[in-house]
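The chain below stands alone and is given as structure tokens, in the form predicted alone.
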């Protein structure tokens, strides 16, 4: 983890209010592992003391890329950054995804821009698997060509039916598990809304499959000091608190007390 002044090298609007922010950040980019995040001090938002967390989508050489959606004052501050401007970053932060096991079949499941946290999993995986992306509409299905370029199969579900199968991404996953899955043992890598995380976790736990879930708890400090992002995890026969920003955001689904997750 380090503090670095990253240089904005490009802004790339893609669709549906989403953008890619490309930053030159040699110290952090070289250390990023799949599923980790950076904490960014938003420019021109001096009245807000806290930084904002963003998953690292890509890390190539001395650059890293953030995928974000324009939803409020913080992301508007990112949208208004100019080429050559510097942003204060702390990172890489958090406990990310492990490398997929060579004797398992990797399955990515993402809701909306949850796929941003999964690209580096796909890139570094020794086995090419299948990715299931879900969103409200076609505008929320992002960067599919990036995953396909890595050799992954991508299946899509949208709630309004504007792209792929109509319905929830978990229904699409269920269809595949029932009709197309081979005898290889699945290993899941999941990022998205809590409801989707719980749904995929329940399917994996019921069959004794491994699922790695990236939780999206609200974070304050991002470094484990403020305890605003805690969740309950198993500890032997009991439970304990874990910090999403420090012990997470990625947890083995079998370790989380899902009944306590809203």
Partner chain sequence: MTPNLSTNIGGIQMKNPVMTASGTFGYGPEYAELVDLNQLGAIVVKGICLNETKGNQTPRTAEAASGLLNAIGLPGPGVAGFVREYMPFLRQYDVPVIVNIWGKTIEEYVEVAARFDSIPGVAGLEVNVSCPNIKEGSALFGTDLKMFERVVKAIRNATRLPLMPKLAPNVADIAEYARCAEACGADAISLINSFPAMSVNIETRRPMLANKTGGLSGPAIKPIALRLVWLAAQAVKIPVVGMGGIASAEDALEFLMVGARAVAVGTASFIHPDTALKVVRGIEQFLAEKNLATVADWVGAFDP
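Residue numbers count along the first chain shown, from 1. A quick note: this is a predicted structure, and the numbers were derived from the prediction, not measured.
The form predicted in complex with the partner chain exists for this protein as well; it is not shown, and the discussion that follows is about that form.
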Would all three of 3, 41 and 227 be in contact with the partner chain in the predicted complex, where contact means some heavy atom lies within 4.5 Å? yes
Partner contact for residue 90 in the predicted complex: the partner chain, 4.5 angstroms, heavy atom: yes
Consider residue 49 of the chain shown here, and say whether it contacts the partner chain in the predicted complex, taking contact as heavy atoms within 4.5 Å. yes
Does any heavy atom of residue 232 come within 4.5 Å of a heavy atom of the partner chain in the predicted complex? yes
Find out whether any non-hydrogen atom of residue 223 is located within 4.5 angstroms of the partner chain in the predicted complex, and reply yes or no. yes
In the predicted complex, which of 207-215, 189-197, 49-57, 27-35 comes within 4.5 Å of the partner chain (heavy atoms)? 49-57
